[in-house]
Ligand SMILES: Cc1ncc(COP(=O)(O)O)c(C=O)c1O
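Let's start with one chain on its own, the form predicted alone, as C-alpha cells.
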Amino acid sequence: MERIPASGTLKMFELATRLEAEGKRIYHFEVGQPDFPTPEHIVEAGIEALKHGFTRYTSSRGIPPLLDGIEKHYADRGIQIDGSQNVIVTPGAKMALFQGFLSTLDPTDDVLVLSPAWPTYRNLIRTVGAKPVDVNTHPRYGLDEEELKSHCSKTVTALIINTPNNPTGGVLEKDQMKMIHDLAVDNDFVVFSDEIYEMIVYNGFKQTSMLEIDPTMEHTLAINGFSKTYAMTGWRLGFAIGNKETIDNMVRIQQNTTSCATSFVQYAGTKALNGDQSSVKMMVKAYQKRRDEITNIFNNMDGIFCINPAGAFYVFPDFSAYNLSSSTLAELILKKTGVTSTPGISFGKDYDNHLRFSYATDLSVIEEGLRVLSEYLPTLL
C-alpha cells in the first residue's frame, strides 16, 4: 500500500467538501465528471433490465448483446474485431487497465508513460511491482520522437498513451501513432491506448484508434468505457480490446475477482452504443463552447498561459509566474476564493507549475468562478 499515494484530485475534492459544509461558496473544477445527466434512453434501459430480472451473474467477458454492440461500434469505423474473443467488459475502465497490467507486466519491468499523464497509470504500474518511466511531451501533448526512442530499452515492456489527453486535452495524430506502433514492434513492447475521451473532440477532429494502426492487436490493448462519452461515471462500465491471449488472461482475473460487470448496467451500456447518439453530439457541442470560454478567460489573466485543447474537457494552464508549487497554489486558491483545481504535480514531476481545471461544469460556474479567481490572483504577483 505504500506504493499507492492518495489521489491529488480527491484530496482537493475532500478539502472543498469540508469548506462547503462550513458554508463557503465552492466552484468545482477538480473532478473530471460530466455534469450532464445520463441520457434518458440509457437510464430507461437499465430500469427495464431490472424489471425483467437481469440481476444475476453474467459471463465474465460480458453479455453477448454488449459484446456485439462493441464489435459493431468499431466495425462502423472500419475496425474489425471479434466481440466474442477480443473484448472484455469490466466494472469501469480503471479495472480494464488494471487487469491489462496484471496480464502483461512483470515486477521490475519498465513502463513508459507519455506525460503529463493521469496519475492512476503510475499508481497501478507500481501496484503490480513494475516501474513507471515518464517521457515528457511538448505542449499540446506533442510527441518528441527522439526523446521517446531514447527511453526504449530491453527492460521496457509497455508504453501508455492517452489521446485525447488528461490533463492537457492534447491529441496524437495518426502519423504519430504509427510511429509509436513501429517502435512497439521494433522493441517488442505493448501499447496501452487509453481512448476514453475519443468521442470528445472539437473542430471536426477525428481521433485515430490504435486498433486502426495495429489491426492484429499483437502490440496493442485499447481501453475504453462509457463514463465520459455517455455521462455514466457512477454506472462503472468499461471495456478492453486486444488479442485473444491477453483478453483470455484478463477474463481469468475477472473470474476470480469481480466475477463480471453489473448485469443490468451492461444492458444500459448496450442501449448507449446502439441507441440515439444525439445526446453525445449535444454534450460535445456544449463542451466546445465551455472550452473556448475558459481558455479565453485564462489567457486574459496576467501571468497565465493556457493552450486551447483539441479534446477531452480539461485545461492545463501554466502558472510559472506565481513561483509557487502547484499543491501550495491550489490549496491557497481554494481557501481564498473557493475555486478548486488539481495540482499539476499529480500529472508528472515536471508539471509542478501547472494546475488542471475541468470544464465539465456549467458555463455560469466557469464565468463566475474564474472572475473570482482573476480578482484574487493579482494579489499573489
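All of these numbers come straight from a predicted model, not from anything done at the bench. Numbering starts at 1 and runs along the sequence shown.
Just so you know, the form predicted in complex with the named molecule exists too; it's not on screen, but the next bit is about it.
- Only one of 291 to 299, 194 to 202, 265 to 273, 173 to 181 places residue heavy atoms within 4.5 angstroms of the named molecule in the model of the complex, namely 194 to 202.
- Screening H151, R236, H73, R126 for any heavy atom within 4.5 Å of the named molecule in the model of the complex leaves a single hit, R236.
- A single residue from the set F101, W118, Y230, Y141 has any heavy atom within 4.5 angstroms of the named molecule in the model of the complex; that residue is W118.
- For P132, no non-hydrogen atom is located within 4.5 Å of the named molecule in the model of the complex, even though that partner is not displayed.
- In the model of the complex, the named molecule sits within 4.5 Å of a heavy atom of Y314.
- Using a 4.5 angstroms threshold between heavy atoms, A93 counts as touching the named molecule in the model of the complex.
- In the model of the complex, the named molecule sits beyond 4.5 Å of every heavy atom of Q254.
- Interface residues of 143 to 173, taken as those with a heavy atom within 4.5 Å of the named molecule in the model of the complex (partner not displayed): N162, N166, in sequence order.
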